[in-house]
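Starting off, we have a lone chain in the form predicted on its own, written out as structure tokens.
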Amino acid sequence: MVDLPRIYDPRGNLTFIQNGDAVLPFTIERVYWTYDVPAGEERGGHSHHEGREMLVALGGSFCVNLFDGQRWQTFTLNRPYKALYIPPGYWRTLDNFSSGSVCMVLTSTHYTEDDYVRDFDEFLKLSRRDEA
């Protein structure tokens, strides 16, 4: 989890992130967001070979489940000044979306299907290869 800068103001607070910040361990190449996720649905279900991501709950809340090939960890994102950094090689799923939630994702790469591992069994083989 990463604390993002916060500027407090009685008119409303402001949080930002920009290339070159110490809290951002990569240069932003793409930004996308998911929203209007129906109750009970899951997003994600993949890993990346090279891509690094930072997830922020801009509104509402959701859970991010990460698996490194050996253990699962779950993080609840529900504050726009908290981000979750995900390096390559982690399987991720997102679930438990509250009504009105918005998940913004900052990525280190442009979209390319070749960077995705979408099959869990393939992910397990790749994660075990790193142990050999």
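The numbering used is simple: start at 1 and walk along the sequence shown. Everything numeric in this text was worked out from a predicted model, so none of it was measured.
Below, we turn to the form predicted together with a small molecule, even though it does not appear here.
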For the small molecule in the predicted bound form, the stretch among 57-65, 38-46, 83-91, 70-78 with residues bearing a heavy atom within 4.5 Å is 38-46
Thr34: touches the small molecule in the predicted bound form, heavy atom cutoff 4.5 angstroms:
yes
With heavy atoms only and a cut-off of 4.5 Å, decide whether Tyr111 touches the small molecule in the predicted bound form.
yes
Might Phe16 be said to contact the small molecule in the predicted bound form, defining contact as any heavy atom within 4.5 Å?
no
Proximity of Tyr116 to the small molecule in the predicted bound form, heavy atoms at 4.5 Å
yes
